[in-house]
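Starting off, we have a lone chain in the form predicted alone, written out as structure tokens.
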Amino acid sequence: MGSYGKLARRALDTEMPVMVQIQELIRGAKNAVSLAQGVVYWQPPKQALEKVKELVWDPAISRYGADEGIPELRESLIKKLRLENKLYKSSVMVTAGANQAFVNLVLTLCDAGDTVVMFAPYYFNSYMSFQMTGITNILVGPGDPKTLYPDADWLERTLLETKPAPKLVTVVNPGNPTGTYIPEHLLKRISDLCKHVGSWLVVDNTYEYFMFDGLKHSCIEGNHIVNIFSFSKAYGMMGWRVGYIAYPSEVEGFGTQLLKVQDNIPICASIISQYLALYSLELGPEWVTDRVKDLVKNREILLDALSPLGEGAVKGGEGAIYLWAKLPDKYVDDFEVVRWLAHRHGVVVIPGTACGCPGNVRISFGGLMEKDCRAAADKLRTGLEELIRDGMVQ
């Protein structure tokens, strides 16, 4: 027992979560401030928190609930999907966060050995979900060098040339790690390409409310499309773990197979968390967008801090809570730069290697209030100026 050789190959072949490595780095770096993890600085709505306090002693809170989610929340989500997202033929399953929603879908839609498609820079947890479920043929497509949009021409060639056709294509919109928004016309083209060859399209809409510069988020629907949503960022519910899947109602057996997976992982999302989600929804999207507006200043502050990297080095930030920055060409080992910034300058970001793009970093502008963001930005700018001027001075 305990022999390395007796551990599952699919676990051994799965990359180590970058956030675990970053958390270790933060603990080891004295007084380091984080621009790394994708979080927001606000808590859930006070009115919703007050309501769930009253439920603590209700025996139903401590029991199992319906696998697919409490009926009141699912009913409210169906209304939200129709009104806000224009999804009229979708059923809902509530999950323990969007990450668990994605794992549910991989286990329901894919077999070990299937081919799947994602685009770099990709969301690292999605890549890991494929790895740990035995999907080793992960085709990673390029993003446009200027916009970081998924390369639909590459996708068209790949879907037509790969036999059998890839089982699943996935995108995050707006993007993690880039903060890039996929325009509706491009999303529809990607959808049409998937439909033509019989591939599933999974769209992660975790940051649907995080749109800037007058851009509007859009969703698309079809019997080959699955949409993922989350309460974590929008309502400051990171630790409460509530997400949901909007899957096509007309696909026979889809919900039944999802239930098999759900029952064997969480059984159901936390009941009290689901009620907090329900009460938060009652406040409407305006509660979220009022807070998202405040992040524009954080984005500006960090764009200025990243300016030493030069013109054209920073992209994204159209949506979500991220900026994507290219390091000088000689710094391919971005993790080494991340460690150096943490220990020498007390600021932490995410290495692009974790997202399939060495030589870059992801910067989050959602987790700090403006005053703290400005202090972190000062550290980042000082570090980048020294990096460019003198290298990684010890």
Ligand SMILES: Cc1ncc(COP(=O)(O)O)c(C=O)c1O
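Residue numbers here begin at 1 and follow the sequence given. All values derive from a computational prediction rather than experimental measurement.
Unshown form predicted together with the ligand; subsequent notes refer to it.
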- Message: By the heavy atom within 4.5 Å rule, which residue out of T133, T158, N99, S273 makes contact with the ligand in the predicted bound form?
- Response: N99
- Query: Among R299, R74, K315, R241, which has at least one heavy atom within 4.5 Å of the ligand in the predicted bound form?
  - Reply: R241
- Counting only non-hydrogen atoms, the one stretch of 229-237, 109-117, 286-294, 304-312 within 4.5 angstroms of the ligand in the predicted bound form is 229-237
- Message: For a quick test of understanding: in the predicted bound form, does each of P121, L327 and T353 have a heavy atom within 4.5 Å of the ligand?
- Response: no
- Message: Y247 versus the ligand, in the predicted bound form: is there a non-hydrogen atom within 4.5 Å?
- Response: no
- Message: Can you tell me if L105 lies within 4.5 angstroms of the ligand in the predicted bound form, counting non-hydrogen atoms only?
- Response: no
- Might A277 be said to contact the ligand in the predicted bound form, defining contact as any heavy atom within 4.5 Å? no
- Query: Though only this chain appears here, would Y322 touch the ligand in the predicted bound form if you measure heavy atom gaps against 4.5 Å?
  - Reply: yes
- Within 4.5 Å of the ligand in the predicted bound form: residues from 200-226 (heavy atom criterion): D204, T206, Y207
